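The chain below stands alone and is given as structure tokens, in the form predicted on its own.
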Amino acid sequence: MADKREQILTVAEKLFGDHGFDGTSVRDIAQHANVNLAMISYYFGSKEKMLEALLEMRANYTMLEALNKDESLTPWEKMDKVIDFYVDKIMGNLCFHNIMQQGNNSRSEDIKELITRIKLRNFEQIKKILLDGQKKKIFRKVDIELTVGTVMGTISQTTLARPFYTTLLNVDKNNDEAYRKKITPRLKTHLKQLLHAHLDIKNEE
């Protein structure tokens, strides 16, 4: 039964990403998931609750929490892994990233609050890494909130302005895989170089 629930969420994710939350009906989801409306009602109760379940399923708190607890890694190695994680996560699931962006403009305050909670929880894990690096005199003092915003904003820019970047990179705008293969390594390298220059205590003024 858990597999059926996840199947419904996977279908909903694709439809929400393609058509928007408001542009997708519960009937659409049921039809594409090959289930009846009663099953969706049983699992989720409403379309809003279904979106909340999807957001929670994709939140991925545990990876960042485990990274923070790994004492074998330096703060630099942890930040490099954070970049790899978020670039792979967003570029590997553009559909979900679109849903997160749409959710920020949702008419539902519950959904907007849930997205904020997810982002805050993940932010706190990244903040711990940065503070640890500062405590160990590896990272210089920076605006942590805006540093994280710079990383996330850069990744988001390559998805939101994708038509522009496919033109710049000479990639077929309809070929998701080709775009991911070309932009992903460049994005990781750029962000790591950016953070190393920004955070290195040797650059303290």
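C-alpha atoms forming the largest set that superposes within 1.5 Å between two forms make up the rigid core. One rule holds for the numbers: they count along the sequence shown, beginning at 1. Quick caveat, the model's predicted, so the values are computed rather than measured.
The form predicted in complex with a further copy of the same chain is left out here; the points below concern that form.
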{"property": "Answer option from Ser46, Asn34, Thr62, Thr167, heavy atom within 4.5 Å of a further copy of the same chain in the model of the complex", "result": "Thr167"}
{"property": "Residue among Asp70, Asp172, Asp143, Glu177 with a heavy atom within 4.5 Å of a further copy of the same chain in the model of the complex", "result": "Asp143"}
{"property": "His198, heavy atom within 4.5 angstroms of a further copy of the same chain in the model of the complex", "result": "yes"}
{"property": "Interface membership of Thr154, a further copy of the same chain in the model of the complex, 4.5 Å heavy atom rule", "result": "yes"}
{"property": "Partner contact for His19 in the model of the complex: a further copy of the same chain, 4.5 angstroms, heavy atom", "result": "yes"}
{"property": "Contact flag, Thr150 vs a further copy of the same chain in the model of the complex, heavy atom cut 4.5 Å", "result": "yes"}
{"property": "Rigid core superposed: Lys192 CA moves 2 Å or more between the shown form and the other one", "result": "no"}
{"property": "Core-aligned CA displacement of Asp28 at least 2 Å between the shown form and the other one", "result": "yes"}
{"property": "Core-aligned C-alpha movement of Lys181 between the shown form and the other one reaching 2 Å", "result": "no"}
